[in-house]
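This document opens with one chain alone, in structure tokens, the form predicted on its own.
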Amino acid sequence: MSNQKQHLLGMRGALSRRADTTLSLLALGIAFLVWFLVTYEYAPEKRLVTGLFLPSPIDIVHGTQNLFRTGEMPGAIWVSMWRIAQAMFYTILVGVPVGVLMGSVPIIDALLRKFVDGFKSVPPTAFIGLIILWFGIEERSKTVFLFLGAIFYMILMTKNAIRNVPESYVTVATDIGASRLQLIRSVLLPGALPQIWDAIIVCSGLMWTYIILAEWVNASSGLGHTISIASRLNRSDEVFAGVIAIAIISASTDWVLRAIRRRFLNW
């Protein structure tokens, strides 16, 4: 067996960029081909799968064009992105300092660990009633819902990032007389920053998975609202257009954030 074949069939490690891209495009091509075949009209009004359950790629293109033509899609994309940006701001503002303190100070970790570990397992949908009661059904409730979907993961991943900073760095800083604040500010936080950035990437993806639920109640715009209205009207093509838009935006956001990570936080 050649070295290249051994590498392709290996259990760990990374493929070359060319092999990775080729296999990814092959998988997408196969999925698209299967999708096209099961939704193709072999005869008038005859498909293997009806358009109501699975619209064809052409149907989805037409649905997307209709949403852009009416102005629904551009506005929905902007509103959803703005809601997630606000929720991410508050998630970072709260989650990173709390995670840094939990990872750095054992007393704070002991005080907060049980709360964070417990609430991270509760889906944000369980808080919908309380969110509406406390914040109403306007914009604030949607931001809070997205915030609750990610905050506990941000805290835990930041805490783990602080704990993963090599102990030798801490020992050297302590030996030269660094105070606790200096240790956090100049050693732990810079050393953990790449993994904290990874936590931001993960939480951004989590928020996109919750955006439909966040915009389902009393929303007049947003991708979740667009999908909700389309589903009520049995417009499967527009439902899939909204879902694909979420997938593309989420994947593009991840790509941008990872590019920033490689360029500026590559240590």
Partner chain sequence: MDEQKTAVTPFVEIRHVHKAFPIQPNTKPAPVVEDVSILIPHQEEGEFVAFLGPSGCGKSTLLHMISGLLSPDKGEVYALGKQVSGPDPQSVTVQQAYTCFPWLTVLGNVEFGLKTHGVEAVERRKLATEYLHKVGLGDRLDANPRQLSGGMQQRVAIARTLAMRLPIVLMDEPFGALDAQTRADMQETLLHLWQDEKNLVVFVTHDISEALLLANRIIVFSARPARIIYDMLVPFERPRPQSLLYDSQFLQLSQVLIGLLKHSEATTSDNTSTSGN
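Quantities reported herein were computed from a predicted structural model and do not represent experimental measurements. Numbering follows the first chain given and starts at 1.
Keep in mind the form predicted together with the partner chain is missing from the figure; the text below concerns it.
- Put simply, of Gln86, Gln182, Asn160, Thr125 only one has a heavy atom within 4.5 Å of the partner chain in the predicted bound form, and it is Gln182.
- Val187 is the sole member of Met154, Val187, Val98, Val116 with a non-hydrogen atom within 4.5 Å of the partner chain in the predicted bound form.
- Only one segment in the set 98-106, 189-197, 78-86, 126-134 has any non-hydrogen atom within 4.5 angstroms of the partner chain in the predicted bound form, and it is 189-197.
- Among residues of the shown chain, Asp175 is one whose heavy atoms approach the partner chain to within 4.5 Å in the predicted bound form.
- Contact between Thr171 and the partner chain in the predicted bound form is found at the 4.5 Å heavy atom cutoff.
- Of the residues in 126-159, none comes within 4.5 Å of the partner chain in the predicted bound form through any heavy atom.
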